[in-house]
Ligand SMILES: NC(=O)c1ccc[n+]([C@@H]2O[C@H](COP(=O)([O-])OP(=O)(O)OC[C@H]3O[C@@H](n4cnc5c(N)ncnc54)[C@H](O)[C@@H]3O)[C@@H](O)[C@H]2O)c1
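Before any questions on binding or motion, here is one chain by itself as structure tokens, the form predicted alone.
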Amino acid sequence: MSASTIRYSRRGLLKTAAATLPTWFLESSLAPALAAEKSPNARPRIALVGCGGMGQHDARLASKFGDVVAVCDVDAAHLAAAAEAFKGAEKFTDFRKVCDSSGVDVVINATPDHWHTLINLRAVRSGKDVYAEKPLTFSIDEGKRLVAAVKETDRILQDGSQQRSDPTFRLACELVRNGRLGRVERVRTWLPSGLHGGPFATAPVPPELDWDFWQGQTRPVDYVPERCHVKFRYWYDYSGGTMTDWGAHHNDIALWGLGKDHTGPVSAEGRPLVEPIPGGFTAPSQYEVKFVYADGVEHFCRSTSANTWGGGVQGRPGPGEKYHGVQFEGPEGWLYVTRGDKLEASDPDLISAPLPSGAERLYASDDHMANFFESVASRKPPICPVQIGHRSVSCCHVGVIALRLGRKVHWDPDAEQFADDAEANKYVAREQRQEYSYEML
């Protein structure tokens, strides 16, 4: 593919957004042209760890810029499917062997959330650059360790919060950052509801699955089909529910627009709106959380009864709700943004009026995977580096802890711990089974 072909693709991307994005923004904030594909001898060699649907999707995107030479999974069926999709890729079942391979330059980590950090740590310490699916970590302590490791090794890590590479979200954040709404008073994020079900029966472990390795650091339990693969995110053993799954997207945009993506809230209080069923999914399917920042800005995050994402409650938005997305509010009005190039405002002029010359402009990327490979080549930071990914998901983790405790918690974003709250601080890190702890690295 020629460089001109890639530039045309970028123009096509922005052309599809032109129906909602104002001309002044399109003309003034084009991201740099995507890098042309390199000769076969210069293309990065890519390993995919975690070969489910999202992993294979990421690898297909990455294959425009490099060659998928290795695939790794503890589920033999997923591994076989990936090997078939990426002909010639070597198969692995242990991520450590992939990360240590001299024939790999880049690791794509698309495993379940509870495995993200150990794989990311092993990869950067082995000299690999990493495209890491979100949420970046399972716990706040993991994020602190990963930030330190990326800094120490000087590797490139792109967090997979791809809304940062969507021009509609960037425009919304630029308008907010430049005072279009006046001083922001509050922000609202609506996240898809999770699954509400159970109790679930145990079943024989499928012969293709290494269930013990899949569980990893978590407490060992009998195999339950609803715990594994796509539905893992609704169990606190492996994830934080949609608060961390979709919160890593929309709460990230809230922090970006507020200019707080290197810090976090100072308090959070929340409650489940539906209690989990004993023996079923443990992360609440519906909930609400209120964050407060040091300058008094309030951030209301709640699940919405209207989902555009499979698996949750379906229907129209309830009173005061919107489909999942982000809304910024100030004395001059409100802005609402979500996927599908959808940007709305209380007054259309809030969007259509150009920003003045000298206005703050944000990092421009229109293709998240391409931005990662540009950073791999240039060694310049990607649009969503490890520090930002850590802070964005830390906000979500604080919300999860407030939900689990059912009370208000006070968070110190500088010290990255809760103030005088031993019960809350127990959730900053997690216990690990020894054979799958940091010692295995």
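All figures in this text were calculated on a predicted structure; none of them were measured in a lab. Residue numbers run from 1 along the displayed sequence.
Below, we turn to the form predicted in complex with the ligand, even though it does not appear here.
Interface residue among C51, V398, A47, V386, judged by heavy atoms within 4.5 Å of the ligand in the predicted complex: C51.
Exactly one listed residue, out of A283, C72, V124, V176, brings a non-hydrogen atom to within 4.5 Å of the ligand in the predicted complex: C72. By the criterion of a heavy atom within 4.5 Å, D261 is excluded from the residues contacting the ligand in the predicted complex. Looking at H116, you'd find a heavy atom of it within 4.5 angstroms of the ligand in the predicted complex.
At a distance threshold of 4.5 angstroms between non-hydrogen atoms, S101 is out of contact with the ligand in the predicted complex. In the predicted complex, none of the heavy atoms of R271 sits within 4.5 Å of a heavy atom of the ligand.
For the ligand in the predicted complex, the listed stretch (291 to 299, 245 to 253, 142 to 150, 271 to 279) containing residues with heavy atoms inside 4.5 Å is 245 to 253. Residues E133, K134, P135 of 132 to 147 are found to place at least one heavy atom within 4.5 Å of the ligand in the predicted complex.
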